[in-house]
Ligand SMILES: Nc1nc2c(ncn2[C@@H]2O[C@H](COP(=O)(O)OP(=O)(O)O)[C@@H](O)[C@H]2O)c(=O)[nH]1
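The form predicted alone is given below as one chain in structure tokens.
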């Protein structure tokens, strides 16, 4: 699964990405600091099944702290978006191309209203952050529509004359955006359009593009710079219909994670406090940490919560643990519960098999639920926290 970190230039997008991944990226208070997309790994939390079995796990792709498993998810920080990016303005073409395979988007917004439409700094409170939500919606919708528009009448006539399924033809057109046939079908139902596109108007196509965007690229709003944002701005963002909004301070989260990495403090992402370990902090560092602690008394920094809301609410993911020995819960190296995978709710054991390796998926025979020690059928639907042994032909 890939989550795209998007937004205008200079809203704290790269700071959010760095805080979530501790990846080294350029951060500066001017537009287009990010030119090429940055890729990194963030982590979402889930209860580890080790407590269910009374064992201690040996994580291979993440860490486990006091029974909380940190599961990796790929993050993508793309170039800042400006109005009419879908026409190629600014770094628009690069921005949109990088988002093709993103399963969900976290839209980082300067909730303080201190950044204008082009990413320039302005006095706090002088720009309406709700405008940024609407502008991203339009850019993504027009991006999808611009792809559908190309030779659309020719495609529509072919569907009409040959009796082809409109979902299949449109999915072929949009497959490069990671949009599935099911997304098209859902969007068609929502739009109320008929099955024969030869009768569709330009407004119909726009309405369909909007519906496809909503279904295929769900967006979470990260109301960044909430430590300095007017409360009214936060309230207006949170009142937007159809959105999950998380108020956050990426700057504070990045400071905490760097201090934790240096050993100055002990901090777990998503926590509401930290423990100071060093007595050699400067007066400025002590003041900065106390300012952050005061902020944490009101809320967490929001960065970890935004990742988890995107993964578990927008994408409706669940965690599954594959093992090779269902009795000892180990892989071939004897590691206990070594790996955790994130799959969409509704997935089955063969979907897990394909995630492990395409050959295992192709040669899938059956699976065993380690909690019940019983085989499960092809129609079994995976549950969050399942521990599964895959049986495949050698």
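Numbering follows the first chain given and starts at 1. Not measured: the values here are computed from a predicted model.
Below, we refer to the form predicted in complex with the ligand, which is not included among the displayed structures.
Exactly one listed residue, out of 74, 251, 300, 103, brings a non-hydrogen atom to within 4.5 Å of the ligand in the predicted bound form: 251. Only one of 167, 98, 260, 227 comes within 4.5 Å of the ligand in the predicted bound form through a heavy atom, and that residue is 227. Of the heavy atoms in residue 9, some are within 4.5 Å of the ligand in the predicted bound form. The ligand is not drawn, but in the predicted bound form it has a heavy atom within 4.5 Å of residue 14. None of 129-137, 191-199, 286-294, 243-251 except one has non-hydrogen atoms within 4.5 angstroms of the ligand in the predicted bound form; the exception is 243-251.
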